[in-house]
Every structure is written in C-alpha cells, then in structure tokens.
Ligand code: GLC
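What follows is a single chain, given as structure tokens, in the form predicted on its own.
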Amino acid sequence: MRLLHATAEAVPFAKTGGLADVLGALPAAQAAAGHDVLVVHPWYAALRADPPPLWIGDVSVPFDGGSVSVGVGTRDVTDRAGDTRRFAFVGHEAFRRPALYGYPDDAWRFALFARAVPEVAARLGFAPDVVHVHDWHAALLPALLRHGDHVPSGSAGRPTVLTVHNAQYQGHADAADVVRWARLPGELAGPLALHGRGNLLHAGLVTADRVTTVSPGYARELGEGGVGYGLDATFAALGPRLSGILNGLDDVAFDPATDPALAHAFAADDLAGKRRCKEALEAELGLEAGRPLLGLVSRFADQKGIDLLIAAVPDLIDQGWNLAVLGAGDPGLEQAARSAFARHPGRVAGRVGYDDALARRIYAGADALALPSRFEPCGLAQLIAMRYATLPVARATGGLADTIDDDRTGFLFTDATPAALADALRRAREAYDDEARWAVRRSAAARERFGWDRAVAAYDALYGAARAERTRADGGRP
C-alpha cells in the first residue's frame, strides 16, 4: 500500500513528546514491511536536519478564501536497522518560529498545514491508498479529503485513519473561521464544532473512516468517558470505529548492548554491566552509593503525576530509595524538583531540561522507574525501562496497564495519590531486598519485546477496514 502520514513532529526532525517517537519508528517499520510510505511534516525553523531538506519548489494551496504559496522540501532518512522512510516538508513563514507550538494562531497554522498536505503529495506524484493523520494538528484532513474544494485527485476521497496520541490537546478556533480557512462548505461549521466552538480534533473524530489510539487501554478509557477533556461523548459515539493499537519500541535504537550513551554495555542474558551503569550514574549525579535507585524521566506536566512523586519524596527517602530525576515543562514542577535536590543532597539529584544521553543512562542505571501518570495514552518510558532491565513502578492506566505485569515485570497502583505511589514503592523495595525475587523480575522485564511488527500488522488490518468503509460510503466504487 501507499501510505501517507501527516504529523506535526517526527524523530529525528522535531520532538516535544511521544508523537515524534512514533512517527520516527512506525513509518520505517511499514517501509520495511513493503509499504510505500511518505511522511509529511512542517518545515520548522527549529528543524533538526543536517543536511537540511532539499527544496524542490513551491505549490499553491487553496486556503482562507484565496491561495497561499508554500515551499516543498524532501529528505530520506535511513535508521540504524537500515530502514528508510521518505519525508516531505511544508514550508511557510508561519512555521519559521522558535517553538513548534504555543502561539495564538496555532489553529490557523495547522489548518494551513493540513490543507497543504494533498498539494505536497501531488507535487511529489504520490497518490496514497490511505491517509493516516496524527493528533489535532492534522485532524482536518479527513474532512478536507471528503468535502474540501480543489483537492488534488490523487488524494480526494481517500480512506482516512486518525490516531489520537493524546486527547488533551485539541486545537480550538471559531468554527466559521475553520471552515473558511480550509475551504470547506459553510454548513459543516456546526457538525465540525464542539459546544459551539471549532475543535480540530473533534472534526477529525467525526469525519475519519477509522479512529485509533496508541493502546487498547486508552481506547477503552476514552470510550468509557472521563479522560476525553470534553470529547467524551464524541469518543463514546464512535463505537466500533474506535480501537487501540499499542505503540512499539525501536529495539535497535534502544539496545543496552549497543547504546553509545551508556558507561557499560549489557544484555538480557548478561546484566553484569547494569551494575556498573548504576555506579557510573551515581557518580555522575552525586548520589550516595549502595541504595536502591529510582529514576524519573518525564515531561513535567500534570498528566504525568510529577506532583505525586514530589509529595512522596519523604516516604521514598524513608524507604531507602535514592531518586535520579530528568525532565522539564511546568515551571512550578521544575522548581519543586530543584527544591527536592536542595533538601536531599546525595539522595535526590538530577537535571531540569532535556538530555537524551542522560535519559538513557537513567534508564540503564536505575533499579526502578517511576511513572505516576494520571492518564497515559501509551507511554514509551516503561518500554525503554524494561528493555534496560529497570522495573517500572506505574499507575495502572492506559498503555501502562497494557504493558506492565504487576506479578512479573513491574509494580502497578490504582489511585492517583502520593500514598498509593508510596505503597507501590514499598512493595518494590521489599522485592529489591530479596535478591532472587528481584533477579527474576528484572530478567523477565529485560526479555519483554514490544517491537513494531505487531503494530504494523494491526494497522494493516485497520487500513483494510478503512478502505472497505470508504468503498461502501462511495456506493461500491473502489
């Protein structure tokens, strides 16, 4: 199949979270499986690309009552496994800003991006069999391909799949503005709006042929309500159109036997190097030696439950844990982390910021990893932790509950409270003190595999369902 992915970020070009990791790995796995894959992505000022994309010209995009000229760039990326994915970039001054998001006109910017995707594909001569869009940034595409005017024939009417990586972020604007920007029929302003306001994610949910999330658990939670941030009824109404496909882990990129960031290599069948990784991490961060080490690698956001861990620090200190922290985000949580460093020298340490190499050293050097998320669509950290023989201590939600076995590979807790987290840490500490018991769990975690092959097969089936749905909707025309 010819597959077109539309995304706001992808490794190695731009990243703020797990969306980028998925769009760095899934297209490569699909290409390795024999699909012809194109990923379309904004051409940001902060694009991490050396060399930069090759500019191949401009295209005219029907937009906002007229047309807008955007530049088109291309770049192929081959990863360490030898898998190549093809990228195309949408260039416009709206994306030449210091940050990816956070601007008052974000809805306008990404409406332009969505409207440009079919034009870019046409410029490259790429006629997709399925268009797979990701999160709110690209969620206007299903409506555009079905109802927009002046859509290139190679993309118009194509089957669409929307993946919701995090329903908390939705993209809001005046509904009349959205349909005007996107050159959609005015009568769609009502159906594409939510509570009287334009909502780009909602627009995708009600127009895509199939909707998926990044874990079965998160799909169930969204369908049952309570985590949809105002979209609960929309998700519930999707019925069988909504499903969950668990994200994978690039086990070549994350391999403790070959990871250059680590002080010592190790593997699931020989974990001797893990002890030396722990010793090196303790020395790097100035932590006391000889104690169990709990790691935290996370965005600092309410979703991630960082405040629960900060509140539990006195308990984990009393239990004998050291804590190694890496993350950034909410200024209040950043300050709380720095205060914990100052109050507990030698016991709590780390860095506020993003540092991929240090993150890998924490995954490898820690004995356990804290994941106290209030909700978690899938989560990558627990998959990396287990790959690096580190046991996750996590709240039983979304993809965390789908991937962690409380009896074998980690420790789960239910309530989003510091006390529940502290109790799970107490159970982990008791297991740690029993060397044989800990070794069995650690070995089981290190042998878990969450490769992308399973996800590729599941997406293939989903694409088939979307194509059949679109054929039925078109009266049997393929």
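Residue numbers here begin at 1 and follow the sequence given. Treat the numbers as computed from the prediction; the structure is a model and nothing was measured.
From this point on, the text means the form predicted in complex with the ligand, which you will not see here.
- Not displayed here, the ligand is approached by H165 to within 4.5 Å at the level of heavy atoms in the predicted bound form.
- Residue contact check for I306: none of its heavy atoms lie within 4.5 Å of the ligand in the predicted bound form.
- Residue contact with the ligand in the predicted bound form: G295 places no heavy atom within 4.5 Å of it.
- Interface membership of N247, defined by any non-hydrogen atom within 4.5 Å of the ligand in the predicted bound form, is confirmed.
- None of P118, P142, G379, P372 but one reaches within 4.5 angstroms of the ligand in the predicted bound form through a heavy atom, and that residue is G379.
- Of the candidates V22, A455, L462, A14, V22 is the one whose heavy atoms come within 4.5 Å of the ligand in the predicted bound form; the others do not.
- Only one segment in the set 103-111, 68-76, 231-239, 296-304 has residues whose heavy atoms sit within 4.5 Å of the ligand in the predicted bound form; it is 296-304.
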